[in-house]
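As a starting point, one isolated chain is supplied in C-alpha cells, in the form predicted on its own.
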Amino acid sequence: MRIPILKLHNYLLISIQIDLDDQSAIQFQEDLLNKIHKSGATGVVIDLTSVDIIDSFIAKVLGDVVTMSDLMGARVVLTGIQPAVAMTLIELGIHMQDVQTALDLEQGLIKLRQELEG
C-alpha cells in the first residue's frame, strides 16, 4: 500500500497511517524522493502519529529519507513521534540531532515555515 504524499505550496505533507513493513518503507522512500524532484518542494512534514512501533530497518529507512531529502534541498520536520518510537530510535543508535521535530502536523508546518522563510 502506498503512502499518500500531498503538496501544499512548496511543502509536501505525509501522514503515515499504516503499519510500515520493509517493502512499504522502501516504496515510500522512492515515492517521496521522486515527488521532491518533480515538485521542487523545499520542505517536508512527515507525521508519525499513527506509528506505534518501529524496527531497525524502518528506523534506518526513515533516517535515510531525512538525509536524502536534505541532499535534494528539502528540509524535513518529523511530527507526532510516539514515546516507543523515540526510545527505539535511540536504542538503535539512530540519532537525529539535525532533524526538526514537532508535536503535531500544525506545529510541524509552523516550524518548517519559520526555518525556510525566516
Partner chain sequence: MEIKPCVNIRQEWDIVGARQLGREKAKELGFGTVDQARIATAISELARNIYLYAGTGKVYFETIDRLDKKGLKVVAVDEGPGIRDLSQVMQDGYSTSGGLGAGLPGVKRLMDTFEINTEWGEGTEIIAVKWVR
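The shown structure was predicted, so the numbers you read here are calculated from the model rather than taken from an experiment. Positions refer to the first chain, counted from 1.
Below, we turn to the form predicted in complex with its partner chain, even though it does not appear here.
A residue is said to contact a partner when one of its heavy atoms sits within 4.5 Å of a partner heavy atom; Val66 fails this definition for its partner chain in the model of the complex, lying far away. In the model of the complex, its partner chain lies farther than 4.5 Å from every heavy atom of Asp98. Although the partner is absent here, Ile94 sits close enough that one of its heavy atoms falls within 4.5 Å of its partner chain in the model of the complex. In the model of the complex, its partner chain sits within 4.5 Å of a heavy atom belonging to Asp52. Exactly one of the stretches 86 to 94, 41 to 49, 27 to 35, 69 to 77 approaches its partner chain in the model of the complex with heavy atoms within 4.5 Å, and it is 86 to 94. With contact defined as any non-hydrogen atom lying within 4.5 angstroms of its partner chain in the model of the complex, the contacting residues in 9 to 29 are Asp19, Leu20, Asp21, Asp22, Gln23, given in sequence order.
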